[in-house]
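In the block that follows, a single chain appears as C-alpha cells, in the form predicted on its own.
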C-alpha cells in the first residue's frame, strides 16, 4: 500500500504508534520485592517474587532490562492461537479477525525486548508477519472494490492501530477526489479536520523511569 512506502501519508510514524502501544497492559513475573510505584499515569505494584502482576508494556520492558522480571506473552501470541487466526484470515476475504488494537506493535516490542520469554519465538514472529500481510492485502482489496458513489464512508471492522494509521489518510483523500465533481460537501477536507487521536498524556511526565 502507498502508506507503507511513504510515511508522509500516515498521520503518525510507526514509532509514534508504537509509543502509544506501550500503554497496553501485560503480565510480568517479578523476581524481587518492591513497594508500589505511584506514577502520574497510575499506581502499579506492590511487587513480590513469583507473583504475577499487570503493568504497562513500557514498565515491563524497563524492569526486564534491569533483570527484575520475566514477561508473560499474551495468550494470542502463542503459536496455536496465531495459526488459528492466520487460517481464519485466509479463509474469510470479507472480514477481519478480532485482534488487539496494537497487536503489531506489542508483538514487535516483546520480540525485541523479551526474546527469552516467548516460546517458539521465530515461529511467532513469522506468523505475526503473515497475519499482517494477509490483512493488508484484504484492506487493499476492500478499498479497490469501493464504487458506491452514494456512500460517504468506508466501513472496515476490526482494524488495528497500524492499519488504521495507514488507511485513514488515504481513504480521506480518495473520497474527497471521488466526490469532487458530484457532491463536494459530503467529504470534508482531511487536512482541515482536527486530529482526535492523541496520546493520553504527556509522555515526558508519564514515564519518568524510562530515561534512567
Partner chain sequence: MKVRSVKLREAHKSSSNGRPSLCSILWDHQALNFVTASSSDPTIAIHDPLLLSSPPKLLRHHRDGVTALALSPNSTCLASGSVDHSVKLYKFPGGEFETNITRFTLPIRVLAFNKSGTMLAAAGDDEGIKLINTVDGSIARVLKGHKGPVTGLGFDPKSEYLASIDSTGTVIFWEIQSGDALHTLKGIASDSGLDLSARNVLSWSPDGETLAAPGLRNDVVMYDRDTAEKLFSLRGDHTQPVCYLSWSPNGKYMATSSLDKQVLIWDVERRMDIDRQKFDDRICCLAWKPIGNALAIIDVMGKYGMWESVVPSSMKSPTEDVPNLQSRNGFLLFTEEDQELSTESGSLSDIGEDRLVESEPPSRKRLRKQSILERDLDEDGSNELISPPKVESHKKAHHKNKGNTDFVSEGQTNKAIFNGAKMQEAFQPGATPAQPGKRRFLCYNMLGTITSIEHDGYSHIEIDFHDTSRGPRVPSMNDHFGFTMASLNEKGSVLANPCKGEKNMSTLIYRPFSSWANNSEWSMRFEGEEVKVVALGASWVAAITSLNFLRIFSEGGLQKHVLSLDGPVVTASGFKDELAVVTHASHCLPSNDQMLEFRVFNISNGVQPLRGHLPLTPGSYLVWFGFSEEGQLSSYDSKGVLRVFTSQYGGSWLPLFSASKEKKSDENYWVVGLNASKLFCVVCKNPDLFPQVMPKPVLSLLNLSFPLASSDLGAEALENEFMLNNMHLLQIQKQIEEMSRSCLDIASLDDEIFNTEAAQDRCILRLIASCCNGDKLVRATELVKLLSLEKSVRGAIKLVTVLKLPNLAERFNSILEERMQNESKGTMQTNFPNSNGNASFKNDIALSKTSTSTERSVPSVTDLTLSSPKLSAPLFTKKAKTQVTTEKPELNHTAMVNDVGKVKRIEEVKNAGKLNNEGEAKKAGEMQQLQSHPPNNPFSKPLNNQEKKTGEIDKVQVQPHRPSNPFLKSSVK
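None of the values given here were measured: they were computed from a predicted structure. Residue numbers count along the first chain shown, from 1.
Just so you know, the form predicted together with the partner chain exists too; it's not on screen, but the next bit is about it.
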Point to revise | Contact label in the model of the complex: residue 54 to the partner chain, heavy atom within 4.5 Å | key: no
Exercise for review: Report whether the minimum heavy atom distance between residue 49 and the partner chain in the model of the complex is within 4.5 Å.
Suggested key: yes
Study note, to complete from the structure: Applying a 4.5 angstroms cut-off on non-hydrogen atoms, the residues of 18 to 33 near the partner chain in the model of the complex are 29, 31, 32, 33
